[in-house]
Ligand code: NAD
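Only one chain comes next, encoded as structure tokens, the form predicted on its own.
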Amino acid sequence: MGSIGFIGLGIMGLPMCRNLLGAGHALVVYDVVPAAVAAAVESGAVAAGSSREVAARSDTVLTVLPNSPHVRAALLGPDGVAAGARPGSLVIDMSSIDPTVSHEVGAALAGAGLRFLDAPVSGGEPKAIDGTLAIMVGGAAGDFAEVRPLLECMGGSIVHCGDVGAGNVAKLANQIIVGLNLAAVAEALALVERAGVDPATVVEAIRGGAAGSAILEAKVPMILARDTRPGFRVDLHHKDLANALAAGRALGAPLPLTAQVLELFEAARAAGLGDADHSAIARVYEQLGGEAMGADD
């Protein structure tokens, strides 16, 4: 793979970076937060002062950033990757963004002689830490084959979904399903609680049937314990659903349930839960029902 650059060392990016380092790759890293860079350097990475410097020192650049504007700035800005990368370098954006922006960025990078893949991930912080993320990739098949060994250091499920933008279409589909599942779980638990039935017992009764899901297993214990430590933040899921609606409007695809669940995330943000785990949308049902769910504060 040659030298590797890594831009974006947040709740997902830092453990992904550490898994690459643990697999023996040498990384040049950058983040706008100095403490994040320091943490990566402590794990064995080498610091750079900008996205441009990362690109100038790398053959392959990975980005894990919050949203479309951050990706545009890091890749296409005056101090960005395109300004420093050597022709033929490969850029892999692992952020979850609007697929129309992936198309835009990919075209701009191609004009600068660079190759591009969009490769968003799913699984939250726990799977970022243990290297078992689901990675959905869009772009040229040859570029995907070239970087698959690198992606395998971070992911357990790695699928080439199609051309540039297809990775983020798959990620938006994932986030719609996860968001609606979270809302269904929170709504069901609100009913159980109001009926005076033990929610843990109900979950045990239904987990082996058609209602069983990864969300039921991972998030119900957090909801009942009122544990809002973020594995994936409300703000980020809100962003993903907003991007899904934007893509749906652009494509003429109706997404009425997505719009409703987005309102739940909006209400959670308004309640000051933007930095909480996305399972905290259960708190919205507490406010609607006038009583708390699960363990006491």
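In this text, all values refer to a predicted model and were calculated from it rather than measured experimentally. In case it trips you up, residue 1 is the first one in the sequence shown, and so on.
Although it is not shown, the form predicted in complex with the ligand is what the next lines describe.
Residue-level contact is defined here as any heavy atom of the residue lying within 4.5 Å of the ligand in the model of the complex; does residue 236 satisfy this criterion? Yes, contact at 4.5 Å.
Within a 4.5 Å heavy atom cut-off, is residue 125 in contact with the ligand in the model of the complex? Contact with the ligand, yes.
I'd like to check something about residue 10: if you look in the model of the complex, is any of its heavy atoms closer than or equal to 4.5 Å to a heavy atom of the ligand? The answer is yes: residue 10 has a heavy atom within 4.5 Å of the ligand.
Even though the partner isn't displayed, in the model of the complex is residue 48 close enough to the ligand, meaning a heavy atom within 4.5 Å? Answer no; every heavy atom of residue 48 is more than 4.5 Å from the ligand in the model of the complex.
Please tell me which of 257, 33, 26, 253 lies within 4.5 Å of the ligand in the model of the complex, judged by heavy atoms. Exactly one listed residue reaches within 4.5 Å, namely 33.
From the list 268, 40, 65, 241, which entry has a heavy atom within 4.5 Å of the ligand in the model of the complex? By the 4.5 Å heavy-atom cutoff, the listed residue in contact is 65.
Stretch in contact in the model of the complex with the ligand, which is absent here, among 210-218, 188-196, 82-90, 117-125 (heavy atoms within 4.5 Å): Selected range: 117-125.
Contact set, 94-120 vs the ligand in the model of the complex - heavy atom within 4.5 angstroms: The stretch 94-120, when checked against the ligand in the model of the complex, contributes 95, 96 at the 4.5 Å heavy-atom cut-off.
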